[in-house]
Structure formats: structure tokens, C-alpha cells
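In the block that follows, a single chain appears as C-alpha cells, in the form predicted on its own.
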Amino acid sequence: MAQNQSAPDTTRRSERSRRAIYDAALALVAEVGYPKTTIEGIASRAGVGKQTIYRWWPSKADVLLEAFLDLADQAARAAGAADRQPYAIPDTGDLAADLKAVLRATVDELRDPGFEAPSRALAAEGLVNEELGRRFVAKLLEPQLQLYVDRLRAAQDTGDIRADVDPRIALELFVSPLAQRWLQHTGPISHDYTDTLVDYALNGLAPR
């Protein structure tokens, strides 16, 4: 009597399908934009049935946001969080150097075609689709901005910036100009540019 064969590894198969769906969603939104990206198109490109997608996500917005969050998580792990510990802006004791380092990494990420295209598509759609925009901000942008808040609060504890500074407003001195340049193509983004933003911001934040 033949031995029973091992049961299929459904967990591994599901993970393969999930990754294929992520890749398909990100590729499609970059190629055709958010409005023309459909569940059917994602399913076809991923080689799965659309019911598979609907079983895991209620809408294309949910697929795209989760795919993009996964992409951001991969970038964080590649930047040194491979142990999957929560990422934090390094605190070397040199606030300017720490901010410059993380902003340089951000520039590299924003200029990476694999990240830029889906990020720009989702950001643009979020401007006209309020519900999607709110979720994009809440799930991705706010957690990233909180990292700056935490680092600036640590700098307040060491006296590197004034105690009366609001970190949430202060971070916008270097984060917002970068975002505007990138989104609206008002100028080139580079390491020199973000280094200068930090220098300008911290000169205004230095203890009086």
C-alpha cells in the first residue's frame, strides 16, 4: 500500500500568493495609476482568482495600502532593522548627523523607482480620495513622523534644542520641504539639499 503523501503546505502557498498580489498591485498602480487599477487586474497579474483577493481584503485600497506598508517594512529591515525590532532614528549624541543620515536614506528611497512610482501614485490619489488619504497618513506617514518626534524630544532632554520647541512642528522644517519638492517637482532632491534643510532648521532651534 502506497504511503500517504504529505499534505500541501497551505501556509507557504498562501504566502506566495500574498507576495504575488503585493507585487502585482504595486506594479499596476505605478503603471496605470490608482483609478485604473482593479481587483481583477491585480488578480490576473498575480495569477490568482479575484475571490482569493476578496477573501483577504475588502477593497483595492486595502490591498495597495498593505502592499505599500510591506514595501516600507522591507526598506526598514534593509536599513538595519533585520531583527524586526521597531525602527528608531539613531541617537549617536549628534542630532544634526542623525537627522542628516535618516533624511539621506529617505532621499535614496524616494529616488528608487520601485518605491517612488507606487508611493507617488498613492500620495496623489490620497489628495482627491479623502478616505484613502487619511488611511495612508495614519498607517504610514504618522508612524514615520513619530520617529522624528521621539528623536527631537531626546534632543530636548540633552539640551540640544530648546525645551519650549514643539517637536511635531519642528520636524516639518525639514520633512515638509522635502515632501513638497518630491511631490510637486519644485526642485531636485539630493543629500546636499536635505543636509542644508537640517542645518537651517537646527540653527533656528538652537538654545538662545
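From a predicted model like this one, the values you see are computed outputs, not experimental measurements. One rule holds for the numbers: they count along the sequence shown, beginning at 1.
Below: the form predicted in complex with another copy of the chain, not depicted.
Handout entry: Contacting member of L71, V107, A124, A96, with respect to another copy of the chain in the predicted bound form [4.5 Å, heavy atom]
Key = Exactly one residue meets the criterion: A124.
Problem - R168, heavy atom within 4.5 angstroms of another copy of the chain in the predicted bound form - result: Yes.
Handout entry: Non-hydrogen atom contact E31 with another copy of the chain in the predicted bound form at 4.5 angstroms
Key = Outside the cut-off, so no.
Exercise for the section: Determine whether any heavy atom of T186 comes within 4.5 Å of a heavy atom of another copy of the chain in the predicted bound form, and answer yes or no. Expected result: Yes, T186 sits close enough to another copy of the chain in the predicted bound form that at least one of its heavy atoms falls within 4.5 Å.
Handout entry: Heavy atom of D157 within 4.5 Å of another copy of the chain in the predicted bound form
Key = Judged by the heavy-atom cut-off of 4.5 Å, D157 is well away from another copy of the chain in the predicted bound form.
Problem - Output flag, S14, Y22 and A61 jointly within 4.5 Å of another copy of the chain in the predicted bound form, heavy atom basis - result: Heavy-atom distance to another copy of the chain in the predicted bound form: none of the three under 4.5 Å.
Practice task
Check each residue of 176 to 204 against another copy of the chain in the predicted bound form and list those with a heavy atom within 4.5 Å, in sequence order.
Solution key: S176, P177, A179, Q180, R181, L183, Q184, H185, T186, Y193, T196, L197, Y200, A201, L202, N203, G204, in sequence order.
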